[in-house]
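Same chain, two forms, each on its own as structure tokens: structure 1, then structure 2.
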Structure 1
């Protein structure tokens, strides 16, 4: 246990040094600032990403894949994540997440990969993107350099009763209920104005639907849909959609 604590502490120090180093660079050279960005500011920008992506030691795939070690990784190559066919194709065609391509993708995911399931409008401000990329880079240097990242550690809604997340859904019932979703959402996960909901981790699905049901999320159609579903029905849908390939 003590050894683990020490290990974490070392990694945190390395991260702090890295942050300091990058900040120093940005301070001394305006040109470099534009090129690399400020990871401390990037951490704030990352909040936009954190509802779907995790970073850090405890990171796991959620609605989006883990972003540790993203630099110079081939697109669509995280084990165990269900990518859209379009992103897989892009990876097969040789798309690699270097700084330039990350920047393009974050600016507008669908411009770079038209069929991606990443339902994100993009970040228009180049400085915000540079800061974000600088922050992401902290998690890519080497495995030893992955710091903790508290805001992304657990997907949660503080108001959500843990008992709701514990409900075991009935996937067969979920399949019937899903027919209602599939009037708008496509079962193959393609996304043309309405986001993909297939292959989401169960908890994320429940959290999102409960957020509509409790009127925390704003979309009116989804509030109506979720409002007409019981907790058991939401759990059943989550169980079904998690299985859909």
Structure 2
């Protein structure tokens, strides 16, 4: 294929995908419902929590601490809130609010942290907990951000065909294709909320893109962008970004 023709064809495919995705996007749409839960339903479940906790721009500590940005936060670390000695010990011992520990704590706080002052009987239904976690996710790192916060991040594809990694991409062609990547990622390697991909080892780049393409990673835009690229195009992008300094 003529490189210039191929470049414009890929650019058109990616542009169409991004326009379609952004036009359909709303803040409350359950982008991660398949992997986490339904945030619209989780908002209703949160009513059980709202007598003690607040979310959003006007949130403040009440009986319980604010729950904004809770994912990957060390337990008992909100400034100005007086925690129980038990939860402080748990935080000092390394308890971090990832998806697994949030689920356990919501199911029964005193099972996870003996001696916590959180007098809540817990939510027994696993789907209700998943929906609540999806709702809390909207007030932590946005589902559109890269990298995904802990509830949506999954390992790279462990079963990637070695033949895909063996493809020798054309860095010159990769440079043609790279302009779409650089609408978000910074060519100078700076990290402004979106991680740098400049200087990435080639295999790491291919593994990550194939994980999006195969839907092992859940970032919706990246899934669609990777899905629009052939294995050879991904390899060419990888070859280009590896050599950029």
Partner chain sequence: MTIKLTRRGFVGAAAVGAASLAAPEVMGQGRPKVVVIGGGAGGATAARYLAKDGKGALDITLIEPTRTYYTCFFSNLYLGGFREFSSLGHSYGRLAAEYGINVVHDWATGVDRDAKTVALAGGSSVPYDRLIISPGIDFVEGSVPGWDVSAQNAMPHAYKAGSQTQLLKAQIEAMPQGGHYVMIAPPNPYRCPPGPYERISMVAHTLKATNPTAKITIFDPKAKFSKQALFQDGWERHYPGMIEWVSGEFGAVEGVRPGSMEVVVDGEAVKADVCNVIPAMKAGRIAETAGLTNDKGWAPIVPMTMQSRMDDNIHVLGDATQNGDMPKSGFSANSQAKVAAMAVRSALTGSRMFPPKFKNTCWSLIDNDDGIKVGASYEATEEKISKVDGFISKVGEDADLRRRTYEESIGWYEGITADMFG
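Whichever C-alpha set is largest while still superposing within 1.5 Å between the two forms counts as the rigid core. All values reported here derive from a predicted model rather than from experimental measurement. Numbering follows the first chain given and starts at 1.
Of the two forms shown, the form predicted in complex with the partner chain is structure 1. For residue 108, the Cα coordinates differ by under 2 angstroms between the two structures after the core has been superposed. Shown in the overlay between the two structures, fitted on the rigid core, is a CA shift at residue 91 smaller than 2 Å. Put the two forms on the same core and the Cα of residue 173 is off by 2 Å or more between the two structures. Core superposition gives residue 229 a CA displacement of 70.7 Å between the two structures.
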